[in-house]
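To begin, one chain is listed below as structure tokens, in the form predicted on its own.
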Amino acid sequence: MRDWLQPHRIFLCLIGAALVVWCATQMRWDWLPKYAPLMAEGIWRTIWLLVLSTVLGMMLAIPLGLAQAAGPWYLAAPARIFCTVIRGTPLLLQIWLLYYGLGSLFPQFPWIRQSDLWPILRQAWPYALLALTLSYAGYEGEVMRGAFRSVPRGQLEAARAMGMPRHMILWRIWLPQAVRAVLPTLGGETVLQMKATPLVATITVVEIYAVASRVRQDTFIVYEPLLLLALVYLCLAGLIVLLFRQIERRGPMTRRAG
């Protein structure tokens, strides 16, 4: 606590408090009660898009990284091509290709229009979720490739010498150490993923950025919605950083306990 209470930090906190008070008293916030429910819905949609795309993307990134690190050429080559294409093209272009490409292709098939999935496929959020998931998987696939290769080979060879099956080596030795090594990188990539979610507003997905844009268009108030939007993103980024720091701190404890 004493380390935190340093003069420069106290000074910065006072400046921040003064700015908050000034913004609260000198700027227009009469529009907020009317749009508060819509903004809460937008924040919720941003959060679940972020959570689902990172979880699904990581589930795809692990086999992509493993295929590049130790897989045969017929698995490593497609994985490498996928990661290269995803990392080499803008996310906005990927979103548009999926939404305006697949979205316009599906209606041409009567069996799709008559299926139970059509009410979902005609909406924009599945394409937004797919694009965010593939983007996260493409970047994290490269990260996991390096993480798998960073695990000492001697541990894997010792496990094989003891007669452990390959799937046991992967789940108990190789994957835990690889994930632990990239936790700081994953935290930063998740923050970047959160800041990429406003791009889905271009295909009519109403997340928090789209709500702020609507407020600006309806009321012609510019700065206040943007400041509130910045505050929301700062809070979400702070929560992500705290979450990954807690996971990093528990890593050594789990290692000692084992």
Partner chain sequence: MKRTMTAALALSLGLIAGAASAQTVKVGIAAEAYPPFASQDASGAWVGWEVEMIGAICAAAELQCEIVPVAWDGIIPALTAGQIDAIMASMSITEERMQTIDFSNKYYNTPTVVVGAKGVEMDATPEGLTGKVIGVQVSTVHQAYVEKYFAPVAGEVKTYQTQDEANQDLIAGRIDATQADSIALDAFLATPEGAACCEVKGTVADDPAILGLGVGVGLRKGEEELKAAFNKGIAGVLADGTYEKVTAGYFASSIYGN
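Positions refer to the first chain, counted from 1. For clarity, every value in this text was computed on a predicted model and none was experimentally measured.
Just so it is clear, the following notes concern the form predicted in complex with its partner chain, a form of the same protein that is not shown.
Note on the interface: of 220 to 228, 189 to 197, 66 to 74, 53 to 61, the segment with non-hydrogen atoms within 4.5 angstroms of its partner chain in the predicted bound form is 220 to 228. Proximity of Y100, W118 and A124 to its partner chain in the predicted bound form is complete: all three residues have a non-hydrogen atom within 4.5 angstroms. When contacts are judged by a 4.5 Å heavy atom cut-off, R149 does not count as touching its partner chain in the predicted bound form. Although the partner is absent from this view, S104 contacts its partner chain in the predicted bound form, with a non-hydrogen atom inside 4.5 angstroms. Among residues of the shown chain, R113 is one whose heavy atoms approach its partner chain to within 4.5 Å in the predicted bound form. Its partner chain is not shown here, but in the predicted bound form it comes within 4.5 Å of a heavy atom of W96.
Interface residues of 190 to 218, taken as those with a heavy atom within 4.5 Å of its partner chain in the predicted bound form (partner not displayed): T202, T204, R214, R216, Q217, D218, in sequence order.
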